[in-house]
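Below you'll find only one chain, the form predicted on its own, shown as structure tokens.
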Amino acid sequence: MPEISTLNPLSPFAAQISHLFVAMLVVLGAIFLLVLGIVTYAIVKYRDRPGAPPPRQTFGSRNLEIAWTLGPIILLAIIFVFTVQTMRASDPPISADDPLQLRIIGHQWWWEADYLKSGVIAANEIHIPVGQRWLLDLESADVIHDFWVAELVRKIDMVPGHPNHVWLEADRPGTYFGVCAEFCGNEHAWMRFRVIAQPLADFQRWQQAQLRVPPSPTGGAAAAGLKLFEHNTCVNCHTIAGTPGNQQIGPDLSHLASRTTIAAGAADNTPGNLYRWLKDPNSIKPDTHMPNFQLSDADAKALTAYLETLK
């Protein structure tokens, strides 16, 4: 996964946070250089020299004490004002007229994305139209998670039973990487997601594709895989449109083959990795909640062939 950087803001919200951070870095750097300079000057000027008389002792200076007390107070007050301004700019107030566009639900250890207007349900990949400000509803299905896309939005907790809200926007098209920033269990490190910002026309085409019911295969290994999905335990956890599977314990698989990763970013979405995931989930993501059903090689290949049709 590429490096996540707060120094490359690509939304108005992330830019506010980044600007405050850089300003603080400059101020702290100036303080460091000032202290370093004073210490260096004192070391050089008052160093011991052969035959030098004892140094004159100074037992306090009211002016200096006032200066080094008032200086930090004034500096902290200025920083406080700019911090409050940044907090408001990076997380604008929400009015009753602002419509919720998207609900993100954190699970151990994957992300569910519910598009409230269209009814699209995705997993681990969040598509948004570029340049549009979307209001997100953030919820948790189990423990505390934390939604963070460093280049687009601040960190915000997802607390069970206490929905939070945050604005999401991207200045330009691209793929932005997000993580859970609150330790949530053994596979916290592999609870990752992607925000894919697209031109409006591309986003609409993606959304229409996600609303289509994938065609059922009529023969070969893919058809055998469909039967395995419908008659085995898969339907008790997952949803695939057009099949009896309509559960949300695990990710919606209706368009699994259109995603770039599996297991919330733990592996690229390739037929080989998908086969490994079905044969032994722990080989890709240890301690995952996905059970190992001890599938035979033939059954794993058939399921892989079927899931690869779900574009």
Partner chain sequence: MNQVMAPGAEAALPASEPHEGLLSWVASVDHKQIGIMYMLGALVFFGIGGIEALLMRIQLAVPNNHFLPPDAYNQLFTMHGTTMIFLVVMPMLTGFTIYLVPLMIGARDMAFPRLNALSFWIQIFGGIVLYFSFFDGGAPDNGWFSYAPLSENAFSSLPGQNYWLLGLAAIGIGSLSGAINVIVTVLDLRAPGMSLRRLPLFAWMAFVNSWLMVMALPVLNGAIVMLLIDRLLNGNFFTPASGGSALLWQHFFWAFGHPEVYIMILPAFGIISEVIPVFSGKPIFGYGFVAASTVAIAFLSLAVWGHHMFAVGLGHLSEVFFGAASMAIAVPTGVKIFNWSATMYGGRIRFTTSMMFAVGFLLMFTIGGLSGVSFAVVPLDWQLTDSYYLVAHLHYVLFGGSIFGIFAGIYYWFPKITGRMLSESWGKWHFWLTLIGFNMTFLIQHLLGMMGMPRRVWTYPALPDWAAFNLISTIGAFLLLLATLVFIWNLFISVQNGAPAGDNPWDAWTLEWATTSPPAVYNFDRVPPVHGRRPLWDLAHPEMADEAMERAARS
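Source: prediction; values computed, not measured. Residue numbers count along the first chain shown, from 1. The term rigid core refers to the maximal set of C-alpha atoms that superpose within 1.5 Å between the two forms.
Quick note: we don't show the form predicted in complex with the partner chain, though the next part is all about it.
K.L.:
I need the one stretch from 82-90, 219-227, 95-103, 168-176 whose residues put non-hydrogen atoms within 4.5 angstroms of the partner chain in the predicted complex.
P.N.:
Checking each option against the 4.5 Å cut-off leaves 82-90.
K.L.:
To verify the annotation, which of these, K155, R133, H231, R205, has a non-hydrogen atom within 4.5 Å of the partner chain in the predicted complex?
P.N.:
Contact residue from the list: K155.
K.L.:
Taking the partner chain in the predicted complex as the reference, which of C237, V120, I196, V143 has a non-hydrogen atom within 4.5 Å?
P.N.:
That would be V143.
K.L.:
Contact between G185 and the partner chain in the predicted complex at 4.5 Å, heavy atoms?
P.N.:
Yes, G185 is a contact residue.
K.L.:
Would you please decide whether I249 lies within 4.5 angstroms of the partner chain in the predicted complex, comparing each non-hydrogen atom pair?
P.N.:
No, no contact at 4.5 Å.
K.L.:
Should A241 be counted as a contact of the partner chain in the predicted complex, where contact means heavy atoms within 4.5 Å?
P.N.:
Result no; A241 lies far from the partner chain in the predicted complex.
K.L.:
Answer for S61 alone: is it within 4.5 Å of the partner chain in the predicted complex, judged on heavy atom distances?
P.N.:
Answer yes; at least one heavy atom of S61 falls within 4.5 Å of the partner chain in the predicted complex.
K.L.:
Pick out the residues of 157-177 whose heavy atoms come within 4.5 Å of the partner chain in the predicted complex.
P.N.:
Sequence-ordered list: D157, V159, P160, H162, N164, F177.
K.L.:
Indicate whether I249 shows a C-alpha shift of 2 Å or more between the shown form and the other one, with the rigid core used for the fit.
P.N.:
No; I249 is a residue whose C-alpha shifts by less than 2 Å between the shown form and the other one when the cores are overlaid.
K.L.:
After fitting the rigid core, is the C-alpha of V26 off by 2 Å or more between the shown form and the other one?
P.N.:
V26: C-alpha displaced by less than 2 Å between the shown form and the other one.
K.L.:
Rigid core aligned, does the Cα position of P286 differ by 2 Å or more between the shown form and the other one?
P.N.:
Superposed on the core, P286 moves its C-alpha less than 2 Å between the shown form and the other one.
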